[in-house]
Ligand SMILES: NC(=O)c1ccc[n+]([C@@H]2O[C@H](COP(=O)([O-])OP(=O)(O)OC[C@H]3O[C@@H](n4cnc5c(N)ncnc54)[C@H](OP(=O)(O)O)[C@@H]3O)[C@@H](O)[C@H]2O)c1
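For reference, the chain that follows is the form predicted alone, supplied as structure tokens.
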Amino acid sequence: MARVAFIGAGNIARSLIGGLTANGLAAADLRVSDPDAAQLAQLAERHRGLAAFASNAAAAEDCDFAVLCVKPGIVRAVCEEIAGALAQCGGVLMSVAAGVPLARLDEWSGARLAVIRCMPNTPVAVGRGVIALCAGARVSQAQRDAAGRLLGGVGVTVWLDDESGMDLVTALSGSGPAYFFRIVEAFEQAAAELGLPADAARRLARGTFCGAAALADNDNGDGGGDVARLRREVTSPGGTTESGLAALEEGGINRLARAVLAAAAKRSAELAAATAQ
């Protein structure tokens, strides 16, 4: 099994640790570092056997992957801190920091490490994540395969040959769960305002959206994954669904989707530009 160090114990690190251990990776093969002692203690309590460190460099020693789960503004300092330990054991540097390109990661780690940039999302915690990856020039096929096996246990992995797509990936799958939660929240609230009991509105909205998502994801060879076809199947001419969809179209759903992705991708690009300075 791979030995994995998580540098930073924030939301995405906790989600990955939860998903990996649920998928069978032993907590003893994982380690985490963070300056927040209370956060480390909570993780160690939840995942017995997980090693917790105050020192990033100590966590990175003798590991196969060091996963940077820190804010973009401190990635440089952390890379410089752990590069020596990681180079000594031949480990792969894997960064989930939004907007930090491979060139900067390579430069800040002393141009001596295999570097992978990836963008997971929080559903990795329940094994239903989406993880986009882009490999640097020093990543071997064996290391790429190992990264795919590791993260494939917590979701769908998508490798990109062109790093320029990572800003849009960040906007779509990285930030996407928040868009989904906000939509469900809006429909829960609307149903309650229109007369349903709040608990019924909550259960119906969440069950409907999550069930529809599962159906869309159930590509069983008969076109089950074709969302346009699924939409048409539940839309009877002149019926209630058609009326509801008409309101969505009138509200400019396609335009809004493009605006959402463009805004988030623009912010990702801005973060990348800031790290280059």
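Numbers follow the displayed sequence, beginning with 1. All of these numbers come straight from a predicted model, not from anything done at the bench.
Beyond the structure shown, there is the form predicted in complex with this ligand, which is absent from this document and is the topic of what follows.
Visitor: Using heavy atoms and a 4.5 Å cut-off, decide whether I12, Q39 and C69 all contact this ligand in the model of the complex.
Guide: Yes, because I12, Q39 and C69 each have a heavy atom that approaches this ligand to within 4.5 Å in the model of the complex.
Visitor: Which one, 152-160, 132-140, 112-120, 197-205, holds residues whose non-hydrogen atoms are within 4.5 Å of this ligand in the model of the complex?
Guide: Within 4.5 Å of the partner lies stretch 112-120.
Visitor: Let me know the one among E61, D64, D29, D34 whose heavy atoms come within 4.5 Å of this ligand in the model of the complex, would you?
Guide: None of the others qualify; the residue that does is D34.
Visitor: State the residue from C79, V96, A147, M166 whose non-hydrogen atoms include one within 4.5 Å of this ligand in the model of the complex.
Guide: Spelling it out, the residue with a heavy atom inside the cut-off is V96.
Visitor: Do I74 and this ligand come within 4.5 Å of each other in the model of the complex, heavy atoms counted?
Guide: I74 belongs to the contact set for this ligand.
Visitor: Might G174 be said to contact this ligand in the model of the complex, defining contact as any heavy atom within 4.5 Å?
Guide: Looking in the model of the complex, residue contacts with this ligand include G174, since a heavy atom lies within 4.5 Å.
Visitor: Even though the partner isn't displayed, in the model of the complex is A5 close enough to this ligand, meaning a heavy atom within 4.5 Å?
Guide: No, A5 sits far enough from this ligand in the model of the complex that none of its heavy atoms falls within 4.5 Å.
Visitor: Select from 40-56 the residues with a non-hydrogen atom within 4.5 Å of this ligand in the model of the complex and write them out in sequence order.
Guide: Only N56 sits within 4.5 Å of the partner.
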